[in-house]
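Only one chain is shown below, in structure tokens, and it's the form predicted alone.
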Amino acid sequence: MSFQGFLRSDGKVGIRNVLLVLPAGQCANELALSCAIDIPTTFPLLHSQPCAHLGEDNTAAMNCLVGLGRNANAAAVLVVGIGCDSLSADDIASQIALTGKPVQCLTVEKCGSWEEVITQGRVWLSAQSNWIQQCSRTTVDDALLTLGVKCGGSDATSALAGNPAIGHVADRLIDQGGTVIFSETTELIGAEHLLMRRAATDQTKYQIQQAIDETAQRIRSTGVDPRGTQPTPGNIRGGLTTLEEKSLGGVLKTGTRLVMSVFGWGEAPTSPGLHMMDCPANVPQLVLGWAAAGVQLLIFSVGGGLPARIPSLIASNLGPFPLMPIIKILSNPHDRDLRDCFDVYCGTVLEGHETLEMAGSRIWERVISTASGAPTYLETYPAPAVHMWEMLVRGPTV
């Protein structure tokens, strides 16, 4: 009932000790890269936030950036900006600093030049890196773990093996006082009634229906029927024929416990248990949203077929995300030769070698070992030279 993690000053627990460099906007991405070059444990989190977003999109981006900095896997945070960014670097840094972790904010405006930001940033990062490398893990309760659950490249085997096995893990963690977050609102259409039956309150039941209805309406307003855009070509080649089939399989990874709340992208739940983050299924946006919500570890279920042959991360091809390790699950026995590109192979259920409970126990063991420091496949994968993660955009831009 425990794992080995890094205890933070605010009582949260990191499973990784990342030195995060956070640009206030995309104009500061190069600054972040230049500050972080060759400094151990450092992750420059490059993203697409421009000065052209408005209203709720800027609010969501601010929540997201603050949440990323507050994620327990970030041991210390350097926020860099130009000074004319649409989101204030000082505001981002001050809100992150409420956690008690080391935070520094540098802008071209305050430092006087681009080069001076880099000089001061590298000095600060080097000192923090030395400190971080001396930190040690301690035994902590599983209740301090927050998991995200995701599926991609789904086929007929996803609903028969990987997804329900992940559901067992979700139930187990929730029963021990932990937190699980699911999302992909577009891929819940047709299965929302199952989630509504499990709503903890009438308000949560209404919020689930509202999230589904608003997502469907937003898509229809563009002249597109959501049931005509799903399943994807890869899903169809894997044996799925309708959006409802895909959604019914996807819901299985949420387990069987009550849904406690529904919250927006870039926000975070306020209690343990099972929660829904209202967000599209776009992986680069989802990854940021989960990390901002406090997820320390993501479980990504893959069916098989051509999507399984992408060695990095399906739908983004961006490799690892150091702030939030990702455990990849494979379900299809026809693709067992790809097992080395995954962390857990659940095709054993369809081969008759294991029950779902047994496969779920193996995933659980992988969760605990990963939380205690064991690297995932993606953490050992040679990443592209530059990552670019996407901010969610719902409204018009200027």
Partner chain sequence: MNPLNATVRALLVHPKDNIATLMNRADSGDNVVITDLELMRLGTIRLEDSIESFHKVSVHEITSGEHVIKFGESIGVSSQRIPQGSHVHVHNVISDRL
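Residue numbers count along the first chain shown, from 1. These numbers were taken from a predicted model, which means no experiment stands behind them.
Keep in mind the form predicted together with its partner chain is missing from the figure; the text below concerns it.
Shown here without its partner, the chain carries R220, R237 and L243, all of which come within 4.5 Å of its partner chain in the predicted bound form through at least one heavy atom. Only one of 182 to 190, 258 to 266, 68 to 76, 140 to 148 places residue heavy atoms within 4.5 angstroms of its partner chain in the predicted bound form, namely 182 to 190. Among V123, L194, A200, I310, the residue placing a heavy atom within 4.5 Å of its partner chain in the predicted bound form is L194. Taking a 4.5 Å heavy atom cutoff to its partner chain in the predicted bound form, the contact residue among L286, L252, I208, I299 is L252. Taking the partner from the other structure, its partner chain in the predicted bound form has no heavy atom within 4.5 Å of any heavy atom of E30. Proximity of G352 to its partner chain in the predicted bound form: non-hydrogen atoms within 4.5 Å are present.
Taking non-hydrogen atoms only, Q49 never approaches its partner chain to within 4.5 angstroms in the predicted bound form. Its partner chain in the predicted bound form is approached by L160, whose closest heavy atom lies within 4.5 angstroms of it. Taking its partner chain as it sits in the predicted bound form, the stretch 17 to 53 never comes within 4.5 angstroms of it through any non-hydrogen atom.
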